[in-house]
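First comes one chain, alone, set out as structure tokens in the form predicted alone.
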Amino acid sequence: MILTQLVKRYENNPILTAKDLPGSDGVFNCAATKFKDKYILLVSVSVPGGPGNGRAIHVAESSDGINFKIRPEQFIAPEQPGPFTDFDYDLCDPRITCLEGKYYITYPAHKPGLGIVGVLCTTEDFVTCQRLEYISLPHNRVPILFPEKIKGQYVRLDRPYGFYGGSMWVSFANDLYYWGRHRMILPPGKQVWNCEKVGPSGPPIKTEKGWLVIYHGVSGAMMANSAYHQGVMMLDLEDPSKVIACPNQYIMGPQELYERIGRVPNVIFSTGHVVEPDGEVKLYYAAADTCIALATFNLEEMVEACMQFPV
């Protein structure tokens, strides 16, 4: 089974570029969800000379999941007053999870010299955003919530890391604020594509056979030939600290020109997806940290393929 054959790139990629928001020089890592029959992306945007380091998060919306319009106003902006904003110098890489009827947003906030922390927010309308709490210590860049409680507890994945790389961990909480029972579930792999860092992409997807987790694998992060790929694994439904299947193959690697050439070359980085009623998964991903592209796969086919690699 060759997993890359299950994924189809949208023929008119990329679907969003800097041209879609005048004044920006890059639109990239985006969260994704459905809200009131609209597709919503929370888009990382880079604006030269902007507040902080010039990066903020904007909302993009679409009726068909392909043709998006980016709102010009910032949704989560640096240098805003209020609680839990001290680290908001660098804003990007948001994730969205619809949990118990509410939309929760997590993003990594970065303050030079102090590190990167996970911030938990919520929104009711994707117009305003309320920051709730810091939910991780430095350095932790990618917390993502499961879409439901498991055995009465909230669950999240993240990627705490040190200088030499990063592993994927799972944690549990009673209230979304105080996290514990931390367990490492996936260290960097033995293949070239995932040998330095691994971390979660969008929210885990519940299936009959387990939680399908889309994750990123990084190689050459300290070198000029770095690359970001997307892989998959399966976690046990009742015990998400247990990996039940994990292919040594990736499902997507940088191969198209828009994925290989950009501000950060050779990057496919997803932080969001939408699962359609017919089982199609729309995977939104940043290409070369410069634009946003779309790929699709069938959920059942991907789960069956993943389960061919039991742990």
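Predicted model, so just to flag it, every value in this text is computed and none were measured. Numbering starts at 1 and follows the sequence shown.
The form predicted together with ligand BMA exists for this protein as well; it is not shown, and the discussion that follows is about that form.
Visitor: Every residue in Arg55, Val264 and Phe269 with a non-hydrogen atom within 4.5 Å of ligand BMA in the predicted complex?
Guide: Checked in the predicted complex: all three residues contact ligand BMA.
Visitor: Can you check whether Tyr228 is within 4.5 Å of ligand BMA in the predicted complex, heavy atom basis?
Guide: Taking the distances in the predicted complex, the answer for Tyr228 is yes, it comes within 4.5 Å of ligand BMA.
Visitor: Does at least one non-hydrogen atom of Cys92 fall within 4.5 angstroms of ligand BMA in the predicted complex?
Guide: Yes, Cys92 is a contact residue.
Visitor: Should Asp289 be classed as touching ligand BMA in the predicted complex when contacts are defined as heavy atoms within 4.5 Å?
Guide: Output for Asp289 is yes: heavy atoms within 4.5 Å of ligand BMA.
Visitor: Although the partner isn't part of this model, could you tell me whether Arg141 comes within 4.5 Å of ligand BMA in the predicted complex, counting any heavy atom of the residue?
Guide: Flag for Arg141 set to yes.
Visitor: Name the stretch, out of 149-157, 200-208, 92-100, 179-187, where some heavy atom lies within 4.5 Å of ligand BMA in the predicted complex.
Guide: Of the stretches listed, the one contacting the partner is 92-100.
Visitor: May I ask you to list the residues of 29-46 that have any heavy atom within 4.5 angstroms of ligand BMA in the predicted complex, in sequence order?
Guide: The one in contact is Asn29.
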